[in-house]
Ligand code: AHR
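What follows is one chain in structure tokens, specifically the form predicted on its own.
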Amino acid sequence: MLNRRNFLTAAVGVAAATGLAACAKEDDSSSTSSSGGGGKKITLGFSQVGSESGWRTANTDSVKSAAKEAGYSLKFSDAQQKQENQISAIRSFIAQKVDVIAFSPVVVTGWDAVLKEAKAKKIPVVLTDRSVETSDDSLFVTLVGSDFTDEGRRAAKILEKVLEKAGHKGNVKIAQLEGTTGAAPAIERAKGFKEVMDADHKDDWKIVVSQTGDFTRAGGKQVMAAFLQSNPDINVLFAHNDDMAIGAIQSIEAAGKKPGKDILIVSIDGVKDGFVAMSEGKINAIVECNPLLGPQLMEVVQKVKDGETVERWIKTKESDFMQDQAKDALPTRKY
């Protein structure tokens, strides 16, 4: 489990012939400098979920630029939000004898077999952004990423502030736009939000409708349109990411309602487009989930490659933002 410490010594490996993961986009990136013991360049295989949102694009850019800065040879694969593509990519990395494998898992379960293959070849695995459930904690070294359950709690607590600022009285009828079914952030953000709701707002808050929008703007727009038809009296939207919230805003406006006023909106991520919508009064608050994990990941990869011990869960630093902070914060947003 993530609250336990578990350490793994990385085996020394060298980059082998390149290969393509079936049905996934894979590319190699490297720089002229060298890293690691004995001056040998570290080869890192990284499998990304996809490019479904602005957050994910920023995360990919951070990993690629940090690998280049560190002088690592990066083998990158885009899984296009399909677990089978990601498993193929990891197997390709194993075949290429990379030094370390890192990946942001599409879903929580179904990884034991391929992770056991990596362990058998003495290739350490680092999780980024999202966690997994495994039968053996030693199948991965560490997770570099956010506490999604706490993000859900923070979203509920900031909604309290939003409701107070709006002078809202009476029942709170919440529509929840969930992330991809089975994905850690979707499961854990919903869990954290419900914890606060059940503990502090049993009598006045209710999630009247909840459905996945797959973390995409198109999904958020489509699902929100359906929500408004079935539950026209919704007065709060909790979106698991900014992209779904931005898509939902289009449907709210198409229905003749004002986002940020008729329907109060709290979302998670903190991408630049989310801050633009917040500065325009269309999103009321955003809970930050920092995608710029590249530098932290490269530090961990170096330590793992050198056989150093690392914490089981390396958490990212994040903030929360209310609507009145958006304009001042917008110019400083890096993603």
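We number the residues from 1 along the sequence you see. Everything quoted here is computed from the prediction, not taken from an experiment.
The following text describes the form predicted together with the ligand, which does not appear among the structures shown.
Counting non-hydrogen atoms within 4.5 angstroms of the ligand in the model of the complex, say which of Phe215, Tyr72, Phe193, Phe103 makes the cut. Of the listed residues, the single hit is Phe215.
Given a 4.5 Å cut-off on heavy atoms, tell me which of 237-245, 113-121, 256-264, 133-141 is the interface stretch with the ligand in the model of the complex. Checking each option against the 4.5 Å cut-off leaves 237-245.
So in the model of the complex, does any heavy atom of Ser53 sit within 4.5 Å of the ligand? Contact with the ligand, yes.
Interface membership of Phe148, the ligand in the model of the complex, 4.5 Å heavy atom rule: Yes.
Is Gly220 close to the ligand in the model of the complex, meaning a heavy atom pair under 4.5 Å apart or at it? Result no; Gly220 lies far from the ligand in the model of the complex.
Can you tell me which bits of 263-281 touch the ligand in the model of the complex, meaning any heavy atom within 4.5 Å? Stretch hits: a single one, Asp269.
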